[in-house]
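We've got the same protein chain twice here, in two forms, each standing alone as structure tokens: structure 1 and structure 2.
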Structure 1
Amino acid sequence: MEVSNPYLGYKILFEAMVKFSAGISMAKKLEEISLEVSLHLKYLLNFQDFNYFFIAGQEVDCFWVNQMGKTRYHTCHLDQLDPIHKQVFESGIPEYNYCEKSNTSTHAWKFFNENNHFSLLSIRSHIDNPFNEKSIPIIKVVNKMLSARIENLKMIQLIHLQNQELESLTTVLQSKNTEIQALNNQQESIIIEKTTRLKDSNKKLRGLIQFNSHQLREPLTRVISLVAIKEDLLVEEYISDILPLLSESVMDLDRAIIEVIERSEFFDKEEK
């Protein structure tokens, strides 16, 4: 739109730029950028189609707006760009292309942004409402606004994704901690049970050892003593007086051994 008063023209341009900046700032998702551009860019530039590509590595966020207010947002790979944008990206040289069939011209630029990110911006305009090259400074400002907001939204998106992953990991860790605590409780219960059984077994084992000592020691001592005095007595005296006692002691020893075996077998059954 032609404005005869320069001051008025600058004022209109300034207000349009403020509205454009405010609109871009209001976008909460990348999908909303195209809509905000369609609402405000027409007051800054003459265009039929507006394309904006934000390039991070090999990934490209693509924004498209036309003069009828239609918008589109999608992502693609760097290799999927159309020839004119791919050429501008590879060469870094602004491109101008005129289509005689449609009476439209296309201007395209490449910009280097912060954090090693790039952007491509192109405007297709009709010969009846052509793009004014005096608006190139506005193109640069538009790129700065868009690239800054897109990078900000992508950072927010990344932080949100990382928070989701962190929440997921926290849930997994809490679940694992619960499982570990349950296992610890189970192991503690098993250890207490085994410790109790071991103490009981030790008590019974000590009783069995004491019983063995008393029950076996006494008849065995008698047998040893009766055998030891054999050399001090005559054979007749030993046979008549000692041998019956020795036989009785051996029988007592045998009974004691049988009782020890029975007690040991009973102890083994209890342990099982």
Structure 2
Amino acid sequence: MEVSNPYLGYKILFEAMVKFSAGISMAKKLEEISLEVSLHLKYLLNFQDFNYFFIAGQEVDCFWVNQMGKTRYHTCHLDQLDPIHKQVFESGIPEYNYCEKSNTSTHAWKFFNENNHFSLLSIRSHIDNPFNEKSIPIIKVVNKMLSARIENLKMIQLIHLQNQELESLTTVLQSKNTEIQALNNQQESIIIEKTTRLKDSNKKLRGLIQFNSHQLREPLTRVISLVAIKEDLLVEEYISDILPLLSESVMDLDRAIIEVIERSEFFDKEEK
């Protein structure tokens, strides 16, 4: 792409660069990057095939565009790169070769980007419309733009993924919370039931104690009175009138004690 007027040349280049940059920025997904490249790159440099590889660790995002407007995006492993790109990646030295059979030349570069990410860029051009080495600064800028945008999109992708994970974790957490709540409710109702049973049994026990104490006290008070009245009576009168009553009351007391024991045994059985 040669323009005779240098000013006009720069203007065209500037506008093409702006469009390329705007297009790349518009891409919302990695898949859309190739399309944007195919729309705008042809105004910046001559090429038949354009390859761009964004390398993060062992993972490679591959973008391909040809001059006919065909595009492709896929990911692969670092080992799956073709020989020329692998060679450039390993040596770091730009590569150039010419194929006489197809009359095409291939240029390939490796770039070291921010955050330990690499990229490879290659251009295959036909002898009729060759890649101009003057375009190398443009290649650098193109790499800069692409790598920045790709990294940006990958970050968004990662955040999106983490959000999804977080959401699914939240769902799990919510369901766990519901389970815990249900368990708590269950526990609470068990406690209430047990407390009620305990209160009920306490009430019964209290009733039993009151009943028992009355049962015992009644004959006991008779015995006390029957002993106390001795002071006020003649011995003969006491023996004839009171002693039989005393004996009867003592027997009543004994019976009452036996009954109390029986009742407490019955209460024990009922509680079990």
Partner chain sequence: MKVFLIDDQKITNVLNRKYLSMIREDLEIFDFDDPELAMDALEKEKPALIFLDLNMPIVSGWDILLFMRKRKIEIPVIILTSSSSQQDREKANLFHNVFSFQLKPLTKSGFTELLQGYYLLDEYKPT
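The structure presented is a predicted model; accordingly, all values stated were derived computationally and were not measured. Numbering for residues begins at 1 and runs along the sequence of structure 1. The term rigid core refers to the maximal set of C-alpha atoms that superpose within 1.5 Å between the two forms.
Peer 1: Which number, 1 or 2, marks the form predicted in complex with its partner chain?
Peer 2: The chain shown second - structure 2 - is the form that fits the description.
Peer 1: Would Ala228 and Glu179 count as one rigid unit between the two structures?
Peer 2: No, Glu179 belongs to a different rigid part than Ala228 (C-alpha assigned to the better-fitting superposition).
Peer 1: Comparing the forms between the two structures, say how many degrees the smaller rigid part turns relative to the larger part.
Peer 2: The angle the smaller part turns through between the two structures is 42 degrees.
Peer 1: Rigid-core fit: what Cα movement does Asp252 have between the two structures, in Å to one decimal?
Peer 2: The shift comes out to 8.1 Å.
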